[in-house]
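First, one chain by itself: the form predicted alone, in structure tokens.
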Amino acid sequence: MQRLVVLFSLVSLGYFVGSFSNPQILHLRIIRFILAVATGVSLSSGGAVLQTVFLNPLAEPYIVGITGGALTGYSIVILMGFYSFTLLSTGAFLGAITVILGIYAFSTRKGVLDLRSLLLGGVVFNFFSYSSVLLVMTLKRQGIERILYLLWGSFGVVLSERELVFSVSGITIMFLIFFIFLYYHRAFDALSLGEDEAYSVGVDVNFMRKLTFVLTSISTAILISIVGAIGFVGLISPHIAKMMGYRNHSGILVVSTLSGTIILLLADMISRYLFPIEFPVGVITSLIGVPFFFYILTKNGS
């Protein structure tokens, strides 16, 4: 943990190199830094609890259709001819929430959340959403760049005063959700042992599943509406925490958010410094995440 904190401090310091002499650049870097930290907290904590609830090492926040809903809502706003950040972000958020509620209703049988139906509904809708995005890119070519950055995510968001209030409110909710997960760390410890063990120590498994699904969905929907979709961080960072020997969720949640934030800060630095144009952050995290995905797939044998 101490080494990770030191690494985070060094990466954070390196992130601001060259910006202290220019107040405008420093202001933009601070906004990017806050967005990166909030993204790390949201995706990493979401991935950690989803992997526990699903008992699946490959689970991460985007598998339940949240990305698809956000993309569809975003695309509808562009089709209507609107391009302001506020309207596009609102469309993405409303699209994600609508899909979340629909898939949740589809996956609930007699008050019990069916995890298989949940995963299937999310995967199917994500496929549908990418078709809608391709349709919008064909019909509204002036919106292509915006959609590409939504698909892959970027911290280079230029915010007006009103948009800044919207973003700060969303980030506050994301941090609040992280602390709720941290509050229930003992329940997640029990769930990691299996349903029977969790029931035996008094954990309401169905409640914890619903809580995890709803809060993770809200946090990810807010995130996508602000910075776009950034994949694989929620998959990688919980495994880093477990590789470091953490087994209880109080440690897993904190360490995974730290490692996820470090990954995002480094990815943002790479996207800005190593290429002639600024690459979306999600492209860098995908280049890291795909080999890691196959490593986890091979390690678990299925």
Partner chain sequence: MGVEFRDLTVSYDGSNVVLEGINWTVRKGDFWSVIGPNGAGKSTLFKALLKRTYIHGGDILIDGNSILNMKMHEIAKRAGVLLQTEIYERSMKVKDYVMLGRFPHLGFYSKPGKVDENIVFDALQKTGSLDLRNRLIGELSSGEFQRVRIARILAQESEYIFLDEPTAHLDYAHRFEVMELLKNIGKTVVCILHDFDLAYRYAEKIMVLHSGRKVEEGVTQIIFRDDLFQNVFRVRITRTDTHINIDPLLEG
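Residue numbers count along the first chain shown, from 1. Since the structure is predicted, the reported quantities are computational estimates derived from the model, not experimental observations.
From this point on, the text means the form predicted together with the partner chain, which you will not see here.
Heavy atoms of no residue among Q2, I236 and H239 are located within 4.5 Å of the partner chain in the predicted complex. Using a 4.5 angstroms limit between non-hydrogen atoms, M244 is distant from the partner chain in the predicted complex. Contact annotation: E195 falls within 4.5 Å of the partner chain in the predicted complex, judged by heavy atom distances. Among heavy atoms of K110, some come within 4.5 Å of the partner chain in the predicted complex.
In the predicted complex, the partner chain sits beyond 4.5 Å of every heavy atom of E163. None of 129-137, 228-236, 195-203, 91-99 except one has non-hydrogen atoms within 4.5 angstroms of the partner chain in the predicted complex; the exception is 195-203. This chain is drawn without the partner chain; in the predicted complex, the residue among V77, A187, L150, I177 with a heavy atom within 4.5 Å of it is A187. L182 is the sole member of L182, L120, V214, L87 with a non-hydrogen atom within 4.5 Å of the partner chain in the predicted complex.
Residues from 32-65 that approach the partner chain in the predicted complex with a non-hydrogen atom within 4.5 Å are limited to L55.
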